[in-house]
Structures are given as structure tokens and as C-alpha cells.
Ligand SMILES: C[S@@+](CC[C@H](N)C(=O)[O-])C[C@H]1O[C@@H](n2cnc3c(N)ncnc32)[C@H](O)[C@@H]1O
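One chain follows as C-alpha cells, the form predicted alone.
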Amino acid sequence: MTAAEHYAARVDAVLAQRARLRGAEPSGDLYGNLEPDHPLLKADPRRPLDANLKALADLIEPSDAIVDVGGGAGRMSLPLALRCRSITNVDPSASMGAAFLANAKAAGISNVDLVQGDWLAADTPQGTVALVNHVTYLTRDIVPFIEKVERAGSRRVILTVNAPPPPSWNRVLFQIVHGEAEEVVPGHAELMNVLWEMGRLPDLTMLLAQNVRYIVPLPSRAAALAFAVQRVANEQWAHWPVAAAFEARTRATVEQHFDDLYAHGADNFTPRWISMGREVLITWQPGK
């Protein structure tokens, strides 16, 4: 099995397990029902750069035209718009695209454009830098995806993933609730193997942890239960409402194992199960 075939097999295994346990993914925009101030839709482009975003910004030149592949609401790319010539966001979600344009307008950023559509189906925008943040986990056709990314970023490709990958941060909780091991999406190791197989020799840098913001104390037992149920529901990036029976069964299981899943403070509960991890920066110059 080639590295690309192994990558596709990992995605297939995750999607098959997700469909069996959570049902088929519904049609339409999965993010259409989010509240306007949801963290996925709202981000301040003029916020101070954290260390990880600064590592990306250090690779950007003022003359760069950035193509943000699956850029969502612009959480990563809009701060970079202040440091480059232009940003073009290619994203399939209408609600994410609307939030991207709204965030840019609210911040007084005008050097942006939006292409709504799936990356492999959309016309390839021409830029100097292709930016791909946490998009590759469920990208089955990874070789044509990367080839198209390279066509969009003539000077540099900047790609981030997390180790462990966000769609499987709750694998301990997943096994407790479902009674079986979670199929895990491809991460940086599988991606690097594909790139090497394609003849690419990228630089890889381990950045800081990104999921520590989820390991925070919950103020009550009820809040802790709701948090755990939501984490199970969204695992493997199943971002759609759960059935009442699924929610009830998950809540009962979490209740049964509550003392093992949460560390008890004086007046709060902190999740034990979430895997600490590091963000991984992978970058290369196409043709070099």
C-alpha cells in the first residue's frame, strides 16, 4: 500500500465508523445553525498574534497574495491580511464565508476576496502563498489536493495540523461511550509520508499546544456533563445535532464514569481525558 493509499484508507475507516455510530452526514451547510458569536464564526483580526500564528506570519512577505484553503471565518488568514497584499478564502460553507467577509469589514480590512466552493472543485486562485490550516484530516484524495495547493501557492505552501489531530482529541471518552476504539484521522506522520512519496521535502516545526483551551475547569456538574456530551457528539468532526436517544445514552455513560473523567476541584470539574498535543507547521517551496 502506498502512503497515499494508506492515507485514504484511514479517512475511509473514520468515515465508516462515524456513519455507523452517528448516522449519515446531513446535506447542506453544517455551520448554518451556529450562533453569530460562536468562536468558529467570530475572531478579531487585529488581536495580538500568539506564538503559533506569529510563526506563520514570519513566513509571509508584504507582496504575497495568500490563498486560504478552507479558511472558514478567517481566524488565521485575516490577521495575515494586515501583513500581505491580499487574501483569497476558498471555503464551501456559506455561513463561514459570510462570517469571513463580516469579520474583515468590521476590522476595516478590504484586501480580501471569497470563493465559495469545495477546494478540489473550485477554480484554482493564483497566489504566491497557499495557507492550509487544519483542513487535511478528512481529505481523502490527498495527492490531487496537495497538487492543487501547490498551483495556488507558487512561492510557498504553509500547512498546519495538530498532533494528535482535533477530530480525535476525545478518543478516551469515545471508547468509554461507544465501547470500541476510535478510528483516528491521518495526522502529520501520514501527511509527511505522502509528501515524501510525492518527492517533496518540507520543513516540519513543532509549535505550541493548541487544545489546552479545552482543558479548563467547568463550574458545575451539569456544565461538565453537557461539555462531555458535546465532545462525544462532535468527535470525528460530526458537526450536526445528535438524536435524543444518543444524547441520553451518552449522558448516562458519562454520569457512570464521571469521577474517572473529571478531576474535582473545590467548586469545579476539569476534564482528564483530552489529549494534550502540539500544533505542527509543515512548509515547503513548490519546485524546490
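The structure displayed is predicted, hence computed values, not measured ones. Take the two forms, find the largest set of C-alpha atoms that superpose within 1.5 Å, and that set is the rigid core. Numbering starts at 1 and follows the sequence shown.
There is another form of this protein, the form predicted in complex with the ligand, and it is not shown here; the text below is about that form.
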item	value
Heavy atom contact within 4.5 Å of the ligand in the model of the complex, the stretch among 130-138, 78-86, 103-111, 187-195	130-138
Non-hydrogen atom contact residue 165 with the ligand in the model of the complex at 4.5 angstroms	no
4.5 Å heavy atom contact, residue 31 to the ligand in the model of the complex	yes
Interface membership of residue 202, the ligand in the model of the complex, 4.5 Å heavy atom rule	no
Partner proximity in the model of the complex: residue 246 to the ligand, non-hydrogen atom cutoff 4.5 Å	no
Among the candidates 149, 177, 96, 158, the residue which, in the model of the complex, approaches the ligand to within 4.5 Å (heavy atoms)	96
Residue (of 90, 207, 173, 142) lying close to the ligand in the model of the complex, criterion heavy atoms within 4.5 Å	90
Residues in 223-250 with any heavy atom within 4.5 Å of the ligand in the model of the complex	237
C-alpha of residue 32 off by 2 Å or more between this form and the one not shown on rigid core	yes
Cα separation of residue 212 and residue 258 in the model of the complex versus here, shift of 3 Å or more	farther
CA-CA separation of residue 212 and residue 256, closer or farther in the model of the complex than in the form shown [shift of 3 angstroms or more]	farther
